[in-house]
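The chain that follows stands alone, in the form predicted alone, written as structure tokens.
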Amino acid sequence: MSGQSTHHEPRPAETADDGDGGFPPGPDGRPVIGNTLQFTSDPHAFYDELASYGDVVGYSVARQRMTTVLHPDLVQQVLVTDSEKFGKWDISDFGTEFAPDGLLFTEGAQWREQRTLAQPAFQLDRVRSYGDAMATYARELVDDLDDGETIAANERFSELTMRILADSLFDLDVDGSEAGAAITRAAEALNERADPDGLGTFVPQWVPTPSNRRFTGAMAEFEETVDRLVAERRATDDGARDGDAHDDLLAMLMRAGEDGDGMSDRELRDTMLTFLFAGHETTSLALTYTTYLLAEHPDVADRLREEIDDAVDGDTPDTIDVFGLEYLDRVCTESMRLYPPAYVVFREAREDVELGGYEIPAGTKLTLPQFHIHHDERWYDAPGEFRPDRWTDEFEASLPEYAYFPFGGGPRHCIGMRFAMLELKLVLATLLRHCRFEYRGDGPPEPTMGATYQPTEDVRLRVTKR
């Protein structure tokens, strides 16, 4: 078994459920707490159980009415067709607050304005311009690796992607800085806080548990760090001559606010928090799991390395080199099928809505679990196996559109998708051109459902330089 897989029995139907009205069926819960204990004791097993009830499943967690959607057509209905009927979760319902005025959690006109302001930083030409920094930092990592060294891939790649993101989008050097340390501590605290493997996740943030104190302290430090960075940038750019001012995402957002119609200071701070956390965490996980899979499948790694060597004319791959590398694209696609870093999309019904023949009342929390749908035997043969060659044009044409959605979908799809994919491909190409990896773990990584799909233990890889 090459990747995290679920073990539910496949349902033969390839069309969405046609319920008979009412709230969808699901597992019985206990009075008051509903299915909370079942969920926290083993979240992956709980989702397996949910799948036995059909494609639209009802239950409750932490006194919240919940529905999980497990069919691609219904995922498309939620994210695209009826997207206006579904909003983002207010995570404060579960006792946690993180960047509420940032792009990830805002709604309506506020979200549309923020998205419009941030979008130019992620257009294709702009994303391509980040390639040099990505390749430079990747090569520095290669140079820093010792032949025969065993690394914790998740830690090294987290450091790398944070450096790339901070430099590319905010012109910040966080290497060894207090700002970098603050971002790392905040990421660790947020993942600990969001991990459902225990009831502490649902204890309100104001309750002074050790976990809550760590989270609150780390978030306060993170916010203070970002506020200081913004203040320093304002002071720098206010005194800069024409042509000397910064031209990154932060600068764009700040300039957009100069006429009074842009982001408030709080919105700016929360959007920075969102990009700094989500942008580096998800890509570092994609790198970690892909490198692990290549280490466990040396035949795939050798074939990919040959494709890269043939395409690269020079020491380090660049943006042009990795565009159009078909096998590299298949490897990355298959890796994110097995281990989607952002593993569940969350929505809330804004109004009463029909979904798969069932009535979903307003206020119901919905989960659309990529990690489960990506392993459904209705769409994928041997779904637990790492098979990049499954991604032929014919296979993709036959696959329901939302049987694969690692970056979400619809109007709120991941704004940084192009940036993340270029980074993933450039770093992988650089690593494979100069290194081979051997997995040193006792079994496949076991992801946990924190804020991202973090491995429960370090993913340890032995490095052999080419």
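Residue positions are given as counts along the sequence shown, with the first one as 1. Quick caveat, the model's predicted, so the values are computed rather than measured.
We do not show the form predicted together with a small molecule, though everything after this point is about it.
Asker: In the predicted bound form, does every one of 115, 341 and 419 come within 4.5 Å of the small molecule, counting any heavy atom?
Answerer: Every listed residue reaches the small molecule in the predicted bound form, so yes.
Asker: At the 4.5 Å heavy atom threshold, is residue 214 in contact with the small molecule in the predicted bound form?
Answerer: Flag for residue 214 set to no.
Asker: Does any heavy atom of residue 46 come within 4.5 Å of a heavy atom of the small molecule in the predicted bound form?
Answerer: No, residue 46 is distant from the partner.
Asker: Though only this chain appears here, would residue 54 touch the small molecule in the predicted bound form if you measure heavy atom gaps against 4.5 Å?
Answerer: Answer no; every heavy atom of residue 54 is more than 4.5 Å from the small molecule in the predicted bound form.
Asker: Would residue 434 count as touching the small molecule in the predicted bound form under a 4.5 Å heavy atom rule?
Answerer: Although the small molecule is absent here, residue 434 would stay clear of it in the predicted bound form, with no heavy atoms inside 4.5 Å.
Asker: Of the listed stretches (62-70, 407-415, 46-54, 434-442), which one has a non-hydrogen atom within 4.5 Å of the small molecule in the predicted bound form?
Answerer: Answer to the contact question: 407-415.
Asker: Consider the chain as shown here, without its partner, and state which of 163, 347, 337, 372 has a heavy atom within 4.5 Å of the small molecule in the predicted bound form.
Answerer: Exactly one listed residue reaches within 4.5 Å, namely 347.
Asker: If the cut-off is 4.5 angstroms on heavy atoms, which of these, 327, 111, 379, 391, is the one near the small molecule in the predicted bound form?
Answerer: Residue within 4.5 Å of the partner: 111.
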